[in-house]
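To begin, one chain is listed below as structure tokens, in the form predicted on its own.
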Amino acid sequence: MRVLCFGSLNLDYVYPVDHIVRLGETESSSGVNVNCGGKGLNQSVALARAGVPVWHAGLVGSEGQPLIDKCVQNGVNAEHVHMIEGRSGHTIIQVDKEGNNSILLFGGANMCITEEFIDEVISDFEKDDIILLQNEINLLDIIIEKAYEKGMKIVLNPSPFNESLEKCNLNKISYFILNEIEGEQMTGIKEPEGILEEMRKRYPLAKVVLTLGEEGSLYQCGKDIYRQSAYKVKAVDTTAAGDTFTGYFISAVIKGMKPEEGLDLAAKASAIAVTRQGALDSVPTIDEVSRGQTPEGV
């Protein structure tokens, strides 16, 4: 069983500012940091650091070589990451003195996926391989259809939740991994148990992982529900917590671990991630998770 993450790769331009720019205002920044990110890349790196061989598929623009390099440096197979003309997906992020941010996202190359490219990628995988998807690329509905036809197990993190998901046949999803906000957006229900019940009614064949921040997480398979508490740590940056959780949980599925073991592993990994600054750089390795490398210990 192999795992393919078909998703976004972004360059993040982060500008420290005194305050978030207001309408009509011009403000100077004290500097700029350029980081590699995107939910797809974040989750691929999390899988790789969890000790699972992972292939990434996606597109970058002419300035996107650092994104390909980041895949290679982290042991992610990048043979299906192609460079095209134009700009890579990127964000412009303002961060004020209190840590509040404002983010402008440009899809760039992430929104240039073609059906021909999808066919090329899917043809390299087999029945029962896992494909992990988010919602930061175009033609997500076509990817789901072709992966389903191939017999792949489809894992969807429906983030960001928007109207493009309405085109997707979500009855073909094997696993949903979503947070409580996305759960409410999908079901119209706020209570975690109500979200799970509604998801079971709509998608009875799918397994659902619902993350609840400091309240832990829930896993549902049919009428069986497993609960996992969050590990208590001092959080400094929650940017990559969800992507770390997703990568580590899927790694547990691939390794044949029980659902409760997978939830616990993912909770430990995400607890470590939030004690560190940054996105990709905060994702722990499996050795760090095994040793419990957080300031308080996990």
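This is a predicted model, so every value here is computed, not measured. Between two forms, the rigid core is the largest collection of C-alphas that superpose within 1.5 Å. Start at 1 with the first residue shown and count on from there.
What comes next is about the form predicted together with a small molecule, which does not appear here.
- In the model of the complex, the small molecule sits within 4.5 Å of a heavy atom of Lys39.
- Although the partner is absent here, Leu205 sits far enough away that none of its heavy atoms falls within 4.5 Å of the small molecule in the model of the complex.
- Remark: Thr91 counts among the residues lining the small molecule in the model of the complex, judged by a heavy atom distance of 4.5 Å or less.
- In the model of the complex, no heavy atom of Ser251 sits within 4.5 Å of the small molecule.
- Of the listed positions (Leu263, Ala240, Leu47, Val60), a single one reaches within 4.5 angstroms of the small molecule by any non-hydrogen atom in the model of the complex, namely Ala240.
- Heavy atoms within 4.5 Å of the small molecule in the model of the complex are found in exactly one of 51-59, 251-259, 267-275, 30-38, that being 30-38.
- Relative to the superposed rigid core, Val274 undergoes a CA displacement smaller than 2 Å between this form and the one not shown.
- Relative to the superposed rigid core, the position of the CA of Leu205 differs between this form and the one not shown by less than 2 Å.
- A movement of the C-alpha atom of Val72 falling short of 2 angstroms is seen between this form and the one not shown when the two forms are aligned on their rigid core.
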